[in-house]
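Shown below, as structure tokens, is a lone chain in the form predicted alone; questions about how it binds or moves come after it.
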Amino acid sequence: MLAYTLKRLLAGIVTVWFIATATFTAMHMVPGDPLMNDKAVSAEIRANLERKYGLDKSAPEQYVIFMKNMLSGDFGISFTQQNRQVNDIIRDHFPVSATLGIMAIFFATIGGVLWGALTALYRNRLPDIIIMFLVILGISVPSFVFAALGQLLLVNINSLFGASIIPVAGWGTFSHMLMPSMVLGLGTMALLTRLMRSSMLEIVNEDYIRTARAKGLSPSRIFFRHQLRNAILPVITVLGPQIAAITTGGFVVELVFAIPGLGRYFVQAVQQLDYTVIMGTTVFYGAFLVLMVILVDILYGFIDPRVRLS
């Protein structure tokens, strides 16, 4: 097991290095100067920034400086936000994104298991057809469309009651999180619904299900004690990567709902060509996703010895 874990960790380190290298290369292929216009208030500040990050040096030298700073945990200072370290931006705003992501994955898991089981129970009947149609919409429609529709729905609800029942945007209370988490979790819920439906339909014809029926067990007991418990296992196996994907993938939702999460700052950094914030958050997000995948792989190794043996 130790050898298997070390291999996964080594593969994760190589993946993070590749992400950092690809990000550095992509940022230096983008036309423009990150210190143009009002981003450097004086020639002295510009010279100091160029010297610190090696912007006055060749690309290979800049790459060495970037990797050294990254290995020491220093992602640099934002070019557009005065006196703010990239590390401070990540520390202050990633918990907001993580909170939103946890709520979204909770909503997606409950909905995916419930709707998936329901579609399998009513296979090829009206509930199955309606839910699968909504699943296709959830997978194919971009999140920013659902975000705009969600805001419109909240505006209509608040207008109907003549008061702000649920805030349309912002952050700070539980009611602020409801609509953004639902919008963020829709895509994952649709994916889990399809997976749950397929798993349920495969289990229906298993020998132990036929044995339970032959023993005279009630349909409800067979459904909850045998079908649902076994069908949910494939859903659990994909939750690790999905948690990381949701937690790191709320860029547009955070921007639309004015949520001060890390994704919102990443979008702003791209718009303002803030090199240090873009590279720092990209490497951080990539490392977080790789870490979640490694943890899931190690958990697989404990659960199923065939994984580490292969």
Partner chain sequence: MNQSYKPTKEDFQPAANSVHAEQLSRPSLSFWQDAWRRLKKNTRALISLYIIIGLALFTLAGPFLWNVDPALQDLNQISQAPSWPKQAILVDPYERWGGIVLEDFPAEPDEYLDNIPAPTNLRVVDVATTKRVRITWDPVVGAGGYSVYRNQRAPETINDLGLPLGITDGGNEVSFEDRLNLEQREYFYSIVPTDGFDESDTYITLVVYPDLAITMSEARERNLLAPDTKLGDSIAIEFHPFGTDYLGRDMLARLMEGAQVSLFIGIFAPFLFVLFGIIYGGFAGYFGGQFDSVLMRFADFVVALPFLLFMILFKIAFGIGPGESGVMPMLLALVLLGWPSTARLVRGQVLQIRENAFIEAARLLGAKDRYLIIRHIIPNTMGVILVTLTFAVPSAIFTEAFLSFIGMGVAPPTPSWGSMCNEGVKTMLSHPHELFFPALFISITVLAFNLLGDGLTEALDSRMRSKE
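Quantities reported herein were computed from a predicted structural model and do not represent experimental measurements. Positions refer to the first chain, counted from 1.
Another form exists, predicted together with its partner chain; not displayed. Remarks below refer to it.
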Query raised in the report: Of these, 214-222, 228-236, 135-143, 68-76, which stretch puts a heavy atom within 4.5 angstroms of its partner chain in the predicted complex?
Result: 135-143
Query raised in the report: So in the predicted complex, does L295 come within 4.5 Å of its partner chain, heavy atom to heavy atom?
Result: no
Report task. Decide whether Q271 counts as a contact residue for its partner chain in the predicted complex under a heavy atom distance cut-off of 4.5 Å. Result -> yes
Query - Touches its partner chain in the predicted complex: V64 (any heavy atom, 4.5 Å) - result: no
Requested in this report: Please check if V256 has a heavy atom lying within 4.5 Å of any heavy atom of its partner chain in the predicted complex.
Outcome: yes
Requested in this report: Please state whether all three residues V113, I130 and T188 have a non-hydrogen atom within 4.5 angstroms of its partner chain in the predicted complex.
Outcome: no
Report task. Sort through L121, I102, A148, V204 and report the residue having a heavy atom within 4.5 Å of its partner chain in the predicted complex. Result -> A148
Report task. May I ask you to list the residues of 257-287 that have any heavy atom within 4.5 angstroms of its partner chain in the predicted complex, in sequence order? Result -> F266, V267, V270, Q271, L273, I278, T281, T282, Y285, G286
